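In structure tokens, one chain follows: the form predicted on its own.
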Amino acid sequence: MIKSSVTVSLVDEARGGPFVYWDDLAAACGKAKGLGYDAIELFAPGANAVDKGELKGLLEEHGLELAAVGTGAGMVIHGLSLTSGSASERERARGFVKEMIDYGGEFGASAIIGSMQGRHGSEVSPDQAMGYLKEALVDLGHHAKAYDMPLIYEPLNRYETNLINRMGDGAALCESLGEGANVVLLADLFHMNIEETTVADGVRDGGKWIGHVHFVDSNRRPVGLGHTDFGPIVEALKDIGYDGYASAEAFAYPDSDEAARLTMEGYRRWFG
């Protein structure tokens, strides 16, 4: 059964980004539980930003799980990239992600590689960037095995990366990493609305590799506030046997509480 999740950001530098709840983790957990969410997805400044004991207590108090942890603060705050032209920066980027893998792993939550994948450019050719990305994913996927959790890689739209934009290319990337690489894909419906012929086709192209879903409308607002036709997408998710989270990574529009409520309403309509 597909479970529900809502995003919580504690990163000041990302303010205005597509996260439903902000700043107050305890309040977010209480509100998420009140609306019936199964889990939260946490976007934190780093692995030491939230005491593990505090997080464990909040999750237990509200009967929530930790769906995943983001790593984008490595890029947003520190400017780190797994495909940087600097070997030392690539190493620092891997170190940051490993710390987040270790943090989330203790809660049974995978780490997500999104913006930290970087891009190719004047200092790094397309082939070099893909080589760096593959090396990093294999290394980080292996690190995540210690927690019996996969690493989640997210294809982004063309305005955010020039590496992997479509789910079919993401599936091919996962295939190319070799057996046991322990890497799955994140199907973000906003990015897919930009890049795929249809979002449902993109889901089928991702197929068995899809391990996480960002449940959001075409304009990155909460479900129901854009033009996405969710029926075919839900059918495609059923066809591939997806049973992970549908996690709300959406703008807090018109505000956090309403965004969370609208997403849960959409979740119950399409998955309930």
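Just count from 1 along the sequence shown to find any residue number. Remember, it's a predicted structure, so these values are computed and weren't measured experimentally.
The protein also exists as the form predicted in complex with a small molecule; that form is not presented, and the subsequent description refers to it.
*Asks:* S115: heavy atom within 4.5 Å of the small molecule in the predicted bound form?
*Replies:* Yes, S115 lies within 4.5 Å of the small molecule in the predicted bound form.
*Asks:* When the contact criterion is heavy atoms within 4.5 Å, does E99 count as touching the small molecule in the predicted bound form?
*Replies:* Outside the cut-off, so no.
*Asks:* Quick check on E160: any heavy atom within 4.5 Å of the small molecule in the predicted bound form?
*Replies:* Flag for E160 set to yes.
*Asks:* Examine L156 and determine whether its closest non-hydrogen atom to the small molecule in the predicted bound form is within 4.5 angstroms.
*Replies:* Output for L156 is yes: heavy atoms within 4.5 Å of the small molecule.
*Asks:* Considering the small molecule in the predicted bound form, find the one stretch among 127 to 135, 144 to 152, 188 to 196, 77 to 85 with heavy atoms no farther than 4.5 Å from it.
*Replies:* So the stretch in question is 188 to 196.
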